[in-house]
Every structure is written in C-alpha cells, then in structure tokens.
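Here we start with a single chain on its own, the form predicted on its own, put down as structure tokens.
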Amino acid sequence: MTRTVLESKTKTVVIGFDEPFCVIGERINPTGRKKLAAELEAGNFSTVEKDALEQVACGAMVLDVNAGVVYNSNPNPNETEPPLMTKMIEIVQGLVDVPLCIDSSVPGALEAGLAAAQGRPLLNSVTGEEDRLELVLPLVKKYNVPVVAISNDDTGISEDPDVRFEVAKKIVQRAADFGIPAHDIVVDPLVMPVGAMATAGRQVFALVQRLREELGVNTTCGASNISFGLPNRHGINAAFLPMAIGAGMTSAIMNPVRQVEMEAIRAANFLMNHDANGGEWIRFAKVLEAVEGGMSFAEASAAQSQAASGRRGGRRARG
C-alpha cells in the first residue's frame, strides 16, 4: 500500500489508502486575507499563532504554511518571502508539534522553508510546467521530502480529466528520473467548482480512483474549490469530502475549524474502517455535546484536546 510519510520533530503522520483521512489546515495563508497580510508585513504574528493552535485543536494533522505576501514596502517576493517563510515556520513549530506543508510559488521560499522545518515536511507544490519541474524536483530530492503535484502544465488547467491525469502521470515519471518514488508524490487532480461545471464532482471522483489504481499515488485537493461561488458552501463541502474519501482521496487542504466538514470527515473515517473501534468518533461526539452546551467548536475542540493530553499524561505518570 502507498504510504506518504510526513514528520515533525517528534510526530509522524502517514497519508495512505488505509489511513485516516489527512486534514491539512489551510488557514496560515495571507491570500485573500488583507488583515493577515498587513500583520505579516508589520512583523505581527499573532494571527499565525492563533490559527496554528486553533487548527490543531480542531483536528488538523498537518499545517500548511504560506508566506505569499506582496509587501507594500518591497513588492519583490523573491527577496521578502524566504525570510518570512523561515520566521513563520519557526513560530509555528514553537507552538504545535505537527508536520508542516511548505507552500509557495517562490523557489527561494520553498528552500528556506525546507531548511527551517524539522522532520519531513510536505512541499507544496510542483506542476507539470517544465521550468517548475526543473526548479522544484531537485529540492524534493535534495531534502528527501514528499511533494504535492498539481495537474496543470504549460497549457493551463484543462477541463478534461484525461488531460489532467496525463499531466499527473508526467510529473510522476519525471520525479522518477530524479530518483523520487511515486509514494512521495501526492497528486492534486484540481477540483473544479461545481457551480461552473455540473460534472466537477463526478470528474474528480473518477480521476482520484484512476490515480490510485493506475499510478498508485496518494491524492489531495483544495476542498473548498468545489463550492466556490455558491451559497451554503460548508454544506456542499461536507457532502463532497466523504464522497471523495469513498472514491479514494487520502487528504485535503481545508479549514478544520469548520464543524460540519470535520464532522463529515470523522464519520467517513469510521465508515471506511479507518477509525479503530470508533474511538475518534466517540471523542468527537463529546466535542459536539460541548458545542450544544454553548461552546464554540474551536473552544470545545481545544478543551477536549487538553483533556485527552491530561489523560495520556496521567497514564504515563502512573506507569
């Protein structure tokens, strides 16, 4: 079975066909978040700290870290993004112990993140574009890390799922030329918005199944893309995620602070027999009880996480 191994300093997360669905927290990303972008340029990392703690409490197993800010004072990201990436990673690693996903379009920022990250992070990302392959795959090999492979190339993003499959196949083959095994490639088949393309859901389910069966690779996606532009996006996301899991998708970059999506994933893990004896579902039910009692989902998740840590600590102490 394909196993993509991610590590922090002391924790290992495995993305795999027979593993619980891997939730990669997306919140540490200034794209579309003007307040966060302004804070980062000013050297204020309070929102980064809050997002790191909150996402892990709510169930994120990996945290995506994106330093893609265009500074007003210096609009050259090749100069500003690498040191910012290093700083953000140091801050996040000082607060939480989960593997990281280093996310940037700037090669210098990717390498700065790889140098700063403890353990074995996930690199996000490489595409099928020739210049991107030549820049990113040597970094993947040098640092011996897995990489997200996005199914677009020099021709752009195709609406044809067969074309997107061929791009993914090309990346896997090119990675092999660098000595990078298929189990270290996590393919993002690109989820299209269902509001713009009625067959988007069915396309990605079929494509995920094909990627699993023919290429033997793990998969991921930006989960909220499916609902872009539609009302009640969380309801659509919560339906999409279990269906994607059933089709074979093994991870997603998403917002774990949204209760309805996390509830859908916990239930899907149980139904797919990726939650031994339903232990995680039972623990999650206690979070929902606290939410019904008036706590926010994030507060209830943090309280349950702290209680679980206390119980584990107590058992170790007695032992």
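Bear in mind the structure is a predicted one, so any value in this text is a computation, not a measurement. Start at 1 with the first residue shown and count on from there.
The protein also exists as the form predicted in complex with a further copy of the same chain; that form is not presented, and the subsequent description refers to it.
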- Message: Taking a further copy of the same chain as it sits in the model of the complex, is Y143 near enough to touch it, meaning that at least one heavy atom pair lies within 4.5 angstroms?
- Response: no
- Task: Spell out, yes or no, whether the shortest heavy atom distance between L215 and a further copy of the same chain in the model of the complex is within 4.5 Å.
- Result: no
- Query: Just to confirm, P231 within 4.5 Å of a further copy of the same chain in the model of the complex by heavy atoms?
  - Reply: yes
- Is the gap between T199 and a further copy of the same chain in the model of the complex 4.5 Å or less for some heavy atom pair? yes
- For a further copy of the same chain in the model of the complex, the stretch among 150-158, 235-243, 98-106, 135-143 with residues bearing a heavy atom within 4.5 Å is 235-243
- Message: To verify the annotation, which of these, I89, V167, V126, I226, has a non-hydrogen atom within 4.5 Å of a further copy of the same chain in the model of the complex?
- Response: I226
- Of these, V48, A267, A37, M61, which has a heavy atom no more than 4.5 Å from a further copy of the same chain in the model of the complex? A267
- Query: Is a further copy of the same chain close enough to L53, G68 and A182 in the model of the complex that each of the three has a heavy atom within 4.5 Å of it?
  - Reply: no
- Task: Select from 44-61 the residues with a non-hydrogen atom within 4.5 Å of a further copy of the same chain in the model of the complex and write them out in sequence order.
- Result: none
